[in-house]
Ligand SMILES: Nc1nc2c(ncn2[C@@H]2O[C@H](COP(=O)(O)OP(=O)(O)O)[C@@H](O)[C@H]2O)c(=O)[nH]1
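Encoded as structure tokens, the following chain is the form predicted on its own, with no partner shown.
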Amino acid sequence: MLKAKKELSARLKQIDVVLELRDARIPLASINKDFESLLQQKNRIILLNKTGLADTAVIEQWKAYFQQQNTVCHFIDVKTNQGVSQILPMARSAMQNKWERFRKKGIRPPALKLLVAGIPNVGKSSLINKMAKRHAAATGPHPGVTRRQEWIRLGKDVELLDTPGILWPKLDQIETGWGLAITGAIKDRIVGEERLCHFLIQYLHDHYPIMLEGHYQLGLNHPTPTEVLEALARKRGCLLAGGEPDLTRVAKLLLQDFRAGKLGQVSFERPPGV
């Protein structure tokens, strides 16, 4: 990640507009603090991806928050193509003043150079493929698929730089770490699937109390996270020899269901003061 950060810093001089991709479920936790200072002087559009997985009411709160901050942001969902077609026009609009100065001098504006940056597994490669309308970047369900920087042509006058996802080496708040882990920016094995599910179950109990029961119909009243996993393991047939619940296996299934949006739309951050 240190290498990727150095390469990103060296490339920024060539970039016209930075497309900073964040997760709509964790708009602040998915800020990369390591390159935040690097991007301050660049034209930047914040793209909040995976809106189809986020709580729609909370999304509206974030829209109002960013508007109050005078921050250029755009909520998208790469999986469903929501909002993707508006990204290039927004980037071109950000360059109009500079391009007009070129034209007044009789100079034809150069190709628009874009940079897609963000934390791991936030959807950068999927976004690039949608914008390029072809398979131009490797994708996968786990962080760490993009290994190097690569220029990708979107047309005769647009070039886009794909970058590896970068996470800062130290997290200063435990809530940030949980948000990154549950949304897949950190590999599950680092935290542990069971621990992740304990966090998820408790969070849903506190903020979306009918979601688990509504989806799985476990018939439990005020259960602990362990009791939820045990009941779900028995219902799904995830059992060890002797009939004991296989908690590791059922934890992986629960995480898959959650990340596929089968449980419903969940946000893990609200705007400050809300």
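Small disclaimer: the values here were computed from a predicted structure and weren't measured. Don't overthink the numbering: it's just position in the shown sequence, from 1.
Just so you know, the form predicted together with this ligand exists too; it's not on screen, but the next bit is about it.
With the partner removed from view, the residue among 45, 231, 59, 53 that has a non-hydrogen atom within 4.5 Å of this ligand in the predicted complex turns out to be 53. Heavy atoms within 4.5 Å of this ligand in the predicted complex are found in exactly one of 122-130, 155-163, 90-98, 196-204, that being 122-130.
Heavy atoms of residue 78 reach within 4.5 Å of this ligand in the predicted complex, making it an interface residue. When contacts are judged by a 4.5 Å heavy atom cut-off, residue 32 does not count as touching this ligand in the predicted complex.
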